[in-house]
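Before any questions on binding or motion, here is one chain by itself as structure tokens, the form predicted on its own.
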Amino acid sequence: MHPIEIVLRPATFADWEQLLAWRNDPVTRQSSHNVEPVREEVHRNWLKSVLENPDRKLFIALEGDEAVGTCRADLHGDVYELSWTIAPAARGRGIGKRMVQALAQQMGGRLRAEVLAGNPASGRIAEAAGLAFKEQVGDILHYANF
């Protein structure tokens, strides 16, 4: 049986509660640059600014009708920086690799990602999306396709 295709739909403000729940999940926080829980007001303001910024693309990943994660592409010059979060209920199913592959294919061009050194699963996701390990700076691993 083949896995159900991952579809990326643009996030909307109506997604704020789901995105906040995923962001504040303890396992997600361990793999984030900022490990502190995010307050609702701060999150809502962040989401509003992301949705209004033409250089930031935020998506909800769907496997069939199930929301399984979120991914983002932030344009810096001519390079998109990719980031992602797998929904807690969807972990361990290969969602991350398929979701970030879909994002990389959709964005195209020069792509990069930063991964915490203690998060080998995200390193494998970056590599599955066509990014290669470039260097480690402190506890951050840098991946890129250029």
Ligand SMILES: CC(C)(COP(=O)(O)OP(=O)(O)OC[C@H]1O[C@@H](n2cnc3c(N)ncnc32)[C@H](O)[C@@H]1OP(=O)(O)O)[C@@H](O)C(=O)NCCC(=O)NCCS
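Since the structure is predicted, the reported quantities are computational estimates derived from the model, not experimental observations. The first residue of the shown sequence is 1; numbering continues from there.
What follows is about the form predicted together with this ligand, which we do not show.
In the predicted bound form, I95 approaches this ligand with a heavy atom inside 4.5 Å. This ligand in the predicted bound form comes within 4.5 Å of no heavy atom belonging to G64. V27 belongs to the set of residues with a heavy atom inside 4.5 Å of this ligand in the predicted bound form. The closest heavy atom approach of A129 to this ligand in the predicted bound form falls outside 4.5 Å.
Remark: of stretches 103 to 111, 55 to 63, 80 to 88, 41 to 49, the one touching this ligand in the predicted bound form is 80 to 88 (heavy atom within 4.5 Å).
Applying a 4.5 Å heavy atom cutoff to this ligand in the predicted bound form picks out S31 as the lone residue from 31 to 64.
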